[in-house]
Ligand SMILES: Cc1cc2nc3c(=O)[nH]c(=O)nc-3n(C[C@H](O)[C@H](O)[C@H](O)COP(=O)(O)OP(=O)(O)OC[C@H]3O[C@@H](n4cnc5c(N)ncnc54)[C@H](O)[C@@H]3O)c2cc1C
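Quick setup: one chain, the form predicted on its own, written in structure tokens, and binding and motion questions come after.
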Amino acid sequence: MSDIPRSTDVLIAGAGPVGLTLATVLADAGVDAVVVDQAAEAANTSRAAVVHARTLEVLRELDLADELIAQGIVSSRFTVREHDQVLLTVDFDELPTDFPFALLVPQDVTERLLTARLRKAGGDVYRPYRLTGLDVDAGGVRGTLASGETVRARYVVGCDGMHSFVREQTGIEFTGDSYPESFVLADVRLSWSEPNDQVALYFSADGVTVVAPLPGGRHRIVATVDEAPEKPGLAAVQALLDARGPRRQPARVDEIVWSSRFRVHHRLAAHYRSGRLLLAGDAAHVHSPAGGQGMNTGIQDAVTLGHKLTAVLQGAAEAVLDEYEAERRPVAEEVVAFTHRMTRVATVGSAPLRGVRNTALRALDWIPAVHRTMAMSLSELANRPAEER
């Protein structure tokens, strides 16, 4: 535990990709920011593993896009399948961007690069510090830490996840629901016949299963199940692929590198700001991992908020901070709705309805406009600010 500054312009709770991005944007602009995280060290597991085109566009502003791409796998296609049958193909290679693809890269790599970039800008992360109190007055906020120390800040931003302490202190509602299913998350070494530069989404009555390539010869498996084991093993992941994956040439799980389980919610904060307290990332919105958009939406939040905070701290009117919610909440609202629709369509239970769904998807697959709409939504390019479209 290193000595923490007693005052700062912006106190950021949470040192995941969102908090690190926000701190870097601020540091580049000469704004003092302190990032606290209760974990003793940075995460070393892959977790969120897709970086979409719009996120690469905003990370280019931090000179991180090329470095991140060098660490990942470029995927220009998502396919939706039921066993061996391709129902819908989403190609990214004609997207109107310098990054016409999805990048598959583990979250711990993304965080490591962001941390190095923050330090290069003169910032750092303070660990392990847990925020336990926030007292707001006319001049700013006093953050109290579990260690008993305090940090005085002009603004506090909660980048501290779904169970955000900062959001709890604001009293802002976090409305939505939880999916009844649990999710298996596993990084594996896999033998299979499908291309290793594509992401495959397998639909089945039992749930959706995503298979995505990762660097180092690994694959990411994400699957909905009624009740996932605490640490899914090789037999459990193999059973999922046997039941839901390709049949003509079945996939074989050779090794489990890492695995976990989690529950998924679809929730959205009623507001992104309460005076001097603001929210970003999972503290403001959570949703199904279908499409891999959670971290992406949060990083984009952070860049937008960083610019707004910089403007206000350099003399702009406080009302500029209200523009943050006006710009970013509708984006999260659409992402939450889009991923919820994908999850519900993927998990249709009855055979007649699955047949209707599959027929409809195959028909849509012949319509170029559908491909473009899906690609623009998944890549989040559809959510660019109007002046950039």
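The first residue of the shown sequence is 1; numbering continues from there. Nothing here was measured: the structure is a model prediction, and the numbers come from that model.
One more form of this protein, predicted in complex with the named molecule, exists but is not displayed; see below.
Shown without its partner, this chain lists Pro106, Gly143, Gly207, Gly292 as candidates; in the predicted bound form, only Gly292 has a non-hydrogen atom within 4.5 angstroms of the named molecule.
Site annotation in the predicted bound form: the residue of Leu62, Val36, Ala27, Leu56 reaching within 4.5 Å of the named molecule with a heavy atom is Val36.
Residues within 4.5 angstroms of the named molecule in the predicted bound form, judged by any non-hydrogen atom, belong to 293 to 301 and to none of the other stretches in 242 to 250, 167 to 175, 293 to 301, 82 to 90. At a distance of at most 4.5 angstroms from the named molecule in the predicted bound form, none of the three residues Pro213, Phe338 and His371 contributes a non-hydrogen atom. The closest non-hydrogen atom of Ala332 lies beyond 4.5 Å of the named molecule in the predicted bound form. Contact check for Leu131: a non-hydrogen atom falls within 4.5 Å of the named molecule in the predicted bound form. Within 4.5 Å of some heavy atom of the named molecule in the predicted bound form lies at least one heavy atom of Gly161. Mapping the unseen interface onto this chain, Leu378 falls outside it, with no heavy atom inside 4.5 Å of the named molecule in the predicted bound form. Residues of 14 to 40 that come within 4.5 Å of the named molecule in the predicted bound form, judged by any heavy atom, are Gly14, Ala15, Gly16, Pro17, Val18, Gly19, Val36, Asp37, Gln38, Ala39 in sequence order.
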